[in-house]
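Let's start with one chain on its own, the form predicted on its own, as structure tokens.
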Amino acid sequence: MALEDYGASFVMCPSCSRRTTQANWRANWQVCPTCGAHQALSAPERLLSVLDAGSFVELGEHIDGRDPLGFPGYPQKLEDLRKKTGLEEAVITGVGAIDGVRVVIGVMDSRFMMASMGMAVGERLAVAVEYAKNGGLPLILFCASGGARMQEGIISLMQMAKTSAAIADFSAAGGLYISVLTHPTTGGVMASFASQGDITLAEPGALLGFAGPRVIEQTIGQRLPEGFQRSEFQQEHGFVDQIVPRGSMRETLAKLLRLHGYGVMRG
């Protein structure tokens, strides 16, 4: 659908309450043109924002979620989410190109059970990492998650070890892994593959950490610093290498890939 088809309908920014047209909102990839606040972006939109047009080929699309523990209502919840989001699971993985450089890419989508990591998510990621290793391709993962998927219990937690081991194997083979942290990246995802990047990028204002600030404050009985666990705080304390606004992400990734020897440097 062309952007002009959205007409003059408006969107109000949740952060500053200023309005902009639906067309402008979409053209800016859900970033407020007034305050710069980054709102949630779907996995398909994320892929469109960074990859060369028509370059994406999906991997692991046959790997979907099951109900290993017979959790009440879980199969129906999965089915409802598939109809609502058009996704089979909380992550899309595949091969694409950024400025002509082939990459393996994975994008988590918070619309699907807050991008929680169950066995299907872990397996899709492991398959993607292995494909990158075997093909000598760089790996880029856009992380966003509320953590492990409680409906799958210990099987969900096992995905932390699976994905961490896959990344370690990829790194031992000399692969380049760029981790991009978006809002929010927490729980088991943060405690595993999200924090293993050779280069760690983050979007502005993203919440990044294992447990949320309120949980930590309740546990230690102390007030946390302003902006604790946000991207800017994490960069200041050495956890994030660079904060990259969404509009600059494609260009930044292309530069990093070429600096690390992928593709041909242009004059």
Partner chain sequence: MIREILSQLDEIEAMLGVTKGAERQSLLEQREALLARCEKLTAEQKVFLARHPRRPRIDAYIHELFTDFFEQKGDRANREDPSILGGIALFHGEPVTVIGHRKGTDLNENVAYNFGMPGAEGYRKVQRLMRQAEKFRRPVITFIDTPGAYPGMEAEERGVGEAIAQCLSLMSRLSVPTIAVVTGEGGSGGALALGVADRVLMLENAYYAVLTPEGFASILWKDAGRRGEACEVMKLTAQDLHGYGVIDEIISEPVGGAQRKPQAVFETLDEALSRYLDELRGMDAGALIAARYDKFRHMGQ
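Small disclaimer: the values here were computed from a predicted structure and weren't measured. If you superpose the two forms and keep the largest set of C-alpha atoms that fall within 1.5 Å, you have the rigid core. Numbering follows the first chain given and starts at 1.
Here the subject shifts to the form predicted in complex with the partner chain, a form of this protein not shown in this document.
In the predicted complex, every residue of the candidate spot (Ala126, Met190 and Gly209) has a heavy atom lying within 4.5 Å of the partner chain. Residue contact check for Pro44: none of its heavy atoms lie within 4.5 Å of the partner chain in the predicted complex. When the partner chain is considered in the predicted complex, Leu139 lies well away from it, no heavy atom lying within 4.5 Å. Among heavy atoms of Ser110, none comes within 4.5 Å of the partner chain in the predicted complex.
In the predicted complex, none of the heavy atoms of Ala40 sits within 4.5 Å of a heavy atom of the partner chain.
In summary, among the residues Gly135, Pro72, Gly100, Gly86, the only one with a non-hydrogen atom within 4.5 Å of the partner chain in the predicted complex is Pro72.
In short, of 86-94, 149-157, 174-182, 101-109 it is 149-157 that has heavy atoms within 4.5 Å of the partner chain in the predicted complex. Residues from 193-221 that approach the partner chain in the predicted complex with a non-hydrogen atom closer than or equal to 4.5 Å are Ser195, Gln196, Gly209, Phe210, Ala211, Val215, Ile216, Thr219, Ile220, in the order they occur in the chain. Shown in the overlay between the shown form and the other one, fitted on the rigid core, is a CA shift at Val57 smaller than 2 Å. Once both forms are fitted on their core, a CA shift of 2 Å or more is seen for Pro225 between the shown form and the other one.
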